[in-house]
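Take a look at this single chain in structure tokens; it is the form predicted alone.
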């Protein structure tokens, strides 16, 4: 399996451990990633609120590069995924816009590649049975709730990702690793997004509610696939409410016995190592 790869800005900065774990896991599974040459920012999170055509042109530039590589593009960041899917949606619906954006880029946009999430690729393309077969240490005792947030799923007609009300692929991936995902009703609730700077108290309240509801569901940790959700959950939880938060690819690497996994957990604000040590998973 081969895919173009768009890491985006967060996976080289605040979501560094996500980027590293995606690459290490894909290498271990034999999934070849070909990073887009000279990729650029997709415009998240501000372009769409300031200039519509710019918000389309920025991801379209990268989509054209993926078309030139002839491979569907894997995008691990939920915000980047959302911007790419939005650009595709608007370009497909408006031929005049597509012509204008192609002229702006000096390269024709043809809409010839699919935008894919690693969740989708690991679940559908690689397969849960194959993934379970790669597990060398089952994550027994780990009881996560899967937290998707907003951007993978909404607007549903744009993202076309999974059931926008009750997605399950992330739950089924962590279950295949030997963990016990817990059911809860908050997997698609908002974490507050970029309001973390301008409305910090509001975000702290939203994150606190998510943490409390996760505990009520019997969880001892949270699993996500969004750098912005990770930042809010990991940084804005009050000490008395906090639970460890993982990128799902970190848990994949841990279950597969990949040594690199041990070095990522120290990058978390809420240290997950006490929980993992208590379950004899480190």
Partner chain sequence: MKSFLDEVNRRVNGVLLQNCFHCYKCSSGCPMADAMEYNSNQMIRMAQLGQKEKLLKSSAIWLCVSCETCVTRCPNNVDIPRMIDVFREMALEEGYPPAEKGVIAFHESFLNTVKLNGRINEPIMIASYKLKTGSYFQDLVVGLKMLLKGKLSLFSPRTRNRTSVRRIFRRTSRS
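Numbering follows the first chain given and starts at 1. Small disclaimer: the values here were computed from a predicted structure and weren't measured.
Omitted here: the form predicted together with the partner chain. The next part is about that form.
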Answer yes or no: in the model of the complex, does the partner chain come within 4.5 Å of a heavy atom in every one of 130, 251 and 277? no
So which of 135-143, 163-171, 68-76, 119-127 is the stretch with heavy atoms within 4.5 Å of the partner chain in the model of the complex? 163-171
Should residue 155 be classed as touching the partner chain in the model of the complex when contacts are defined as heavy atoms within 4.5 Å? yes
Against the partner chain in the model of the complex, would residue 45 count as a contact residue? Criterion: heavy atoms within 4.5 Å. yes
Contact flag, residue 28 vs the partner chain in the model of the complex, heavy atom cut 4.5 Å: no
Are any of the heavy atoms in residue 190 no more than 4.5 Å from a heavy atom of the partner chain in the model of the complex? yes
May I ask you to choose, among 217, 64, 235, 221, the residue with a heavy atom within 4.5 Å of the partner chain in the model of the complex? 235
Judged by heavy atom distances of 4.5 Å or less, which residues of 1-37 approach the partner chain in the model of the complex? 9, 12, 13, 14, 16, 17, 37
